[in-house]
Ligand code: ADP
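First, one chain by itself in structure tokens, the form predicted on its own.
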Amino acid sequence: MERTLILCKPDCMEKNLAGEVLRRFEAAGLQLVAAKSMRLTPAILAEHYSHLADKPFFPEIVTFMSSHPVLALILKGDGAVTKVRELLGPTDSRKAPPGSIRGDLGTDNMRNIAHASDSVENAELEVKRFFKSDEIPA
């Protein structure tokens, strides 16, 4: 059983789509382990997006991701990382097919409803970044 981290981004939260996103994940057989609403700080965003820090659009990411609280989720299931990414569709919502979460609900490359871990290794790092150990049921 893999775990993965999902962040329902500000656009998802502002459009009241978090329930629909979670419903789709659960309908695909993924189980909710933990959830919390949080406002992302510049420090956590700098750590989380450190691989993009030298890109010209990095300040825009920080502004967007800190503009509204997000919903952080831990999901688990067989092949959870791959399954979540398949359900979401490509990062750019304009290229995501109908039926995918981003294709149905997203707007563009940044306003794409959710962040999802891209590997099992990163999922574990991201879970620890966004959740304290006492926030995750044993």
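Counting begins at 1, following the sequence as shown. Everything quoted here is computed from the prediction, not taken from an experiment.
What comes next is about the form predicted together with this ligand, which does not appear here.
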Quick check on this chain: which one of H68, R85, K95, K76 has a heavy atom within 4.5 Å of this ligand in the model of the complex? R85
Using a 4.5 Å heavy atom cut-off, state whether L45 contacts this ligand in the model of the complex. no
Exercise: T107 in contact with this ligand in the model of the complex, heavy atom 4.5 Å: no
Does the 4.5 Å heavy atom contact test between H51 and this ligand in the model of the complex come out positive? yes
Contact test in the model of the complex: I61 vs this ligand, heavy atoms, 4.5 Å: yes
Within 4.5 Å of this ligand in the model of the complex, do we find a heavy atom from each of K36, N122 and F131? no
Proximity to this ligand in the model of the complex (heavy atom, within 4.5 Å), stretch among 68-76, 37-45, 107-115, 24-32: 107-115
What residues, if any, in 117-138 have a non-hydrogen atom within 4.5 angstroms of this ligand in the model of the complex? none
